[in-house]
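Below you will find one chain, with nothing else, as structure tokens; this is the form predicted alone, and questions on how it binds or moves follow later.
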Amino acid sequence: MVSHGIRERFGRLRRRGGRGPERDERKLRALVADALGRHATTTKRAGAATIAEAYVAGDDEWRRRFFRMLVDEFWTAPDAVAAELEACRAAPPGDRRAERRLRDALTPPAIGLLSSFSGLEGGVKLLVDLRADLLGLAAGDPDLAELDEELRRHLATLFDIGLLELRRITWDAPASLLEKLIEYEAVHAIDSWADLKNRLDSDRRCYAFFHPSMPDEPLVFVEIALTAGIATELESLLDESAPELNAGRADTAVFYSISNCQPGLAGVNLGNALIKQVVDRLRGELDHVRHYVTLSPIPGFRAWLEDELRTGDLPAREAELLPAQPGRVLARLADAGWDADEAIRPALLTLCARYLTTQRDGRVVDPVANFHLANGASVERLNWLADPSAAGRERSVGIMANYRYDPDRIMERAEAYVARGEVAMSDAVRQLLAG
């Protein structure tokens, strides 16, 4: 293996202003071809290390050109695929060697090169970061999008759930790891060390997945509050001055934030497995906890609501619930004090229930709702002004949702939603929809 971590090594090189000769694309092309042509593991790894180092040293434009070179010059060969396909058809039934040769022909050499980075010191993290770069550069380029999909599939195998470690993170964790929680928190920003300490107190839990090749880098983490009863507003969960609850008195675990830490793992779907494993862990450790719910944002509701009010094409019952004509209600929402009028509440909650259960192409349109429903949760409750902050009002006019995870029905509900589009919901939400 490379004797020093690739990223650290080239961080030093870049600070010195050094540039390796591999920035010459002709030389890099030759290096890629040479690395792909090697057979011994040691020499293949050495070639991959040189290319990886050149990649880290490059800027965004250089990296874009590198990716373009891979898809233009180191992709599958149609003639070779056609030949192996014909050979597979002509082979005797059950000839696995012919099938294997066809699979090899269908595997782009570029993916073989990139996947070999994972054998280098620091290479798994580099590969994850490389895909994050690719995601940012692939927009509007179908060839790079295809490279991204191939790389996503490779990472999905590399980060299979069976290879990951679930860890509880406490205040006693190394400072470097705690700093990463602050950096990666994507739902409710952690404002200070005191805020973080509150979120790791004895009536709280924080769990994360780790990969053995990235032992100090959380992949995804979830924050949980142990409460007496289902939390229906955000402020009490984040209030540093709120009294600490004796964990033995808690009957509910509230999942109030889940953050993906590695943009390069987008689409690898680690969050759903994290919630299932954490529920199992809590059931084993806290047998007095009976309810597993979320307190979740509804990120697309306000934009959807304003479109519905703008068009004015509402179901009759929703139009009757509005305290004024749709256009006037839309104008009222632009006023900072719109929520002082309680008459608007029934209509907005009803509209929100319809939004959370509206489907397009077999899935509900709200991304957070889709995430939890696909994981086997049900829509439990809508909470008026649960997040009255500026961000909460901008996302969802302050409404937040509880999704319930019933441990004995998670698999059943997930299958019903993914296979048949069935949205599990409580009677209270069903009543909002039915009137």
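Every value quoted in this text rests on a predicted model; they were computed, and no experiment measured them. In this text, residue numbers run from 1 along the sequence as written. Take the two forms, superpose them, and find the largest set of C-alpha atoms that agree within 1.5 Å; that set is the rigid core.
The same protein has a further form, the form predicted together with another copy of the chain, not shown here; the description that follows concerns it.
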* Structure fact -> Checking 286, 231, 173, 138 against another copy of the chain in the predicted complex, the residue with a non-hydrogen atom inside 4.5 angstroms turns out to be 173
* **Answer option from 359, 107, 325, 202, heavy atom within 4.5 Å of another copy of the chain in the predicted complex** => 107
* To do: Spell out, yes or no, whether the shortest heavy atom distance between residue 81 and another copy of the chain in the predicted complex is within 4.5 Å.
  => yes
* Contact between residue 282 and another copy of the chain in the predicted complex at 4.5 Å, heavy atoms? -> no
* Indicate whether residue 415 is a 4.5 Å heavy atom neighbour of another copy of the chain in the predicted complex. => yes
* **Residue contact check: residue 264 to another copy of the chain in the predicted complex, 4.5 Å heavy atom** => no
* Tell me, please, which stretch of 362-370, 58-66, 31-39, 391-399 lies within 4.5 angstroms of another copy of the chain in the predicted complex when heavy atoms are compared? => 31-39
* Asked: So, 45, 160 and 164: all three within 4.5 Å of another copy of the chain in the predicted complex by heavy atoms, or not?
  -> yes
* Residue by residue through 60-83, tell me which have a non-hydrogen atom within 4.5 angstroms of another copy of the chain in the predicted complex. => 71, 72, 75, 76, 81
* Asked: After fitting the rigid core, is the C-alpha of residue 88 off by 2 Å or more between this form and the one not shown?
  -> yes
